[in-house]
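The form predicted alone is given below as one chain in structure tokens.
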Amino acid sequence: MDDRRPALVVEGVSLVYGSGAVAVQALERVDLAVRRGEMLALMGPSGSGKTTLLMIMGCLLRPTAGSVRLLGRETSPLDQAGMARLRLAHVGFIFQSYNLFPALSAVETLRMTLRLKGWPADRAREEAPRLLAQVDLADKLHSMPAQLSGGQKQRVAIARALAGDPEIILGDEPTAALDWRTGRGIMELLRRLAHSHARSVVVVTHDPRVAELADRIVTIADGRIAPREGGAS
């Protein structure tokens, strides 16, 4: 892919839940492009549509209207299986609640993720420790989630999101459960990954201190992109 072109583009994206008198407009005509090597922060009040947009970007939700292109590929013609394959190959997710399996060690979590992505067992065994070392957890390979701090759990979740080398990384409030120092460290790590590995990183956050570490801040209000002072986002 041409590094000058956006890795992720949404155009005219709208999403309506329900119909008739109970219809709720979650998103309305959203346009947004995310470049390679960029970390973008999505901000806005609760219920503004941030997480909904993130899920549409990651092919977890299909919009009511509009276009979503990942790496130049239009997603609307894809069925659910096709969306899942595209997501598995090109998108890594980081969740606020970590979503780690309590019975799997850090390295086992990474091995399982790589196997789900189709990696042979021997390659997964070699790659899993490298991924954990990349997030400064080389000394926690065999630690269980209950033995890890909140920041360490989130680093395992980031390593899992990086498994298979996805071009797009999406985080839904990945620092919300962490103290400021740990959360800042997580955001600085994501920014380094975006810049040094040409990944497109989008993070939903409520914390302006966290958002200021991003290359660009986009605000959503009432399901629409809100213009920023001095120009559009």
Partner chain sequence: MSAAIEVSSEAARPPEIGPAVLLAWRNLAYDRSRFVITMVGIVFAVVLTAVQIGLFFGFTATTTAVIQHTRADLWVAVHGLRNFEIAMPQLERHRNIVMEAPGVTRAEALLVFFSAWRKPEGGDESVLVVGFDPNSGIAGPWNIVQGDPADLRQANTVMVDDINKAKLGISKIGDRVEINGHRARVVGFTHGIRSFTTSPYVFATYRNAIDYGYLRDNQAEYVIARLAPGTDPMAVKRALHRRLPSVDLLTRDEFADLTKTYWMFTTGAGTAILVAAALGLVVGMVIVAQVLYATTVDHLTEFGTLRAMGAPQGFILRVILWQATIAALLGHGIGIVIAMAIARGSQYSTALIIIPPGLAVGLFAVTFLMCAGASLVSIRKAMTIDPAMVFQR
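Model, not experiment: these values are computed from the prediction. Positions refer to the first chain, counted from 1.
Although it is not shown, the form predicted in complex with the partner chain is what the next lines describe.
Heavy atoms within 4.5 Å of the partner chain in the predicted bound form belong, among the stretches 178-186, 33-41, 64-72, 195-203, to residues of 64-72. For the three residues M55, E108 and G118, a heavy atom within 4.5 Å of the partner chain turns up in the predicted bound form in every case. For the chain shown alone, L60 is a contact residue for the partner chain in the predicted bound form, at least one non-hydrogen atom being within 4.5 angstroms.
Not displayed here, the partner chain is kept clear of S149 by more than 4.5 Å at the level of heavy atoms in the predicted bound form. Although the partner is absent here, R155 lies well away from the partner chain in the predicted bound form, with no heavy atom inside 4.5 Å. Among residues of the shown chain, R85 is one whose heavy atoms approach the partner chain to within 4.5 Å in the predicted bound form. Checking E167, E28, D207, D172 for any heavy atom within 4.5 Å of the partner chain in the predicted bound form turns up a single hit: D172.
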